[in-house]
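Next up is one chain by itself, shown in structure tokens, the form predicted alone.
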Amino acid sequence: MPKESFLLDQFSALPPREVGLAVLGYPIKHSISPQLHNAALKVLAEKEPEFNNWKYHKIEVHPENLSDALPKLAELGFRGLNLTIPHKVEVLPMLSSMDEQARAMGAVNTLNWEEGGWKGYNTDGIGLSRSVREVFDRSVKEFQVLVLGAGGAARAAVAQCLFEGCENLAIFNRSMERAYQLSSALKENGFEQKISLVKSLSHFPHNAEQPVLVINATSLGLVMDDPAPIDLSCLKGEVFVYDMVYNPPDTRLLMQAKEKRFPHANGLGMLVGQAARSLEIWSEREVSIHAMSCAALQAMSD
């Protein structure tokens, strides 16, 4: 089967006036991004009818096909893309440029077609920060932060915490080599704060006087049968749990948190926040977060 068949079977060239937007991932079935963006585009179109021609899709792209997909999508008329697991780091060599924050994070989740190439941005960190403050009424720098994972989502989470001045930050990942690579990459990008690499939760540098924020940045939870990435019983003191996974809304990790009566939230608020910022980049307009939030809740209840 030709590598491009995954794409050509789904899309032909878009109509001349249509602006294509999409989220790319593998898997992608769980994504509700189209509902969010199309709801916000409908609000934009009420004042500026040309936004009726903007359409947002979701496309499953296997990692080995990503380098073929990006130029093909541009040829077909796509001008804005979101990236989800597993493309946020692997895409970097395929970009013509990146903004400064994305470069510091070492991962991108938003692409904008500019001057004949894809420019990368990262809106995940902003979405995470805003959501944590909204649901827990605290900024990330008020916590001891334990990030689970060392991929693209973890890069954005760790970098955002460092941007905001978090002084007690640890990474827990099954592969210590990947965790070390992430820590080293962020230090090379100018972050000077100490990052602890945790081999087991018994080694987590816990300060009893400061609450712990656990951020799940792994893909564990996307499938209902997935195990929790950690056992929350290993953590002491005041614990808050934020799972970047939003669909399904109740992962094993969040079920644990609920049983232990730990404040907890899934990644739906982060999804809305990062999506709004992405659409702002593409449209250069103020975007209705309310419309996106309503669409997200509706999609999750369907």
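Position 1 is the first residue in the sequence shown; the rest follow in order. Remember, predicted model here, so these are calculated numbers, not experimental data.
Below: the form predicted together with a small molecule, not depicted.
Open item on the list: Just to confirm, with a 4.5 Å cut-off on non-hydrogen atoms, which of R138, H203, R174, K194 contacts the small molecule in the model of the complex?
Closed with: The residue from R138, H203, R174, K194 that makes the contact is R174.
- [ ] Only one of G120, G106, G149, G80 comes within 4.5 Å of the small molecule in the model of the complex by heavy atoms, so just point that one out.
- [x] Result of the distance check: G149.
TODO: Examine K199 and determine whether its closest non-hydrogen atom to the small molecule in the model of the complex is within 4.5 angstroms.
DONE: Answer no; every heavy atom of K199 is more than 4.5 Å from the small molecule in the model of the complex.
Open item on the list: Can you tell me if Y246 lies within 4.5 angstroms of the small molecule in the model of the complex, counting non-hydrogen atoms only?
Closed with: Because a heavy atom of Y246 falls inside 4.5 Å of the small molecule in the model of the complex, the answer is yes.
Open item on the list: With the partner left out here, check for me: in the model of the complex, does some heavy atom of C161 sit within 4.5 Å of the small molecule?
Closed with: Because no heavy atom of C161 falls inside 4.5 Å of the small molecule in the model of the complex, the answer is no.
Open item on the list: So in the model of the complex, is the small molecule close enough to Q144 to count as touching (4.5 Å, heavy atoms)?
Closed with: Result no; Q144 lies far from the small molecule in the model of the complex.
- [ ] Using a 4.5 Å heavy atom cut-off, indicate which stretch of 23-31, 263-271, 52-60, 36-44 touches the small molecule in the model of the complex.
- [x] Single hit among the candidates: 263-271.
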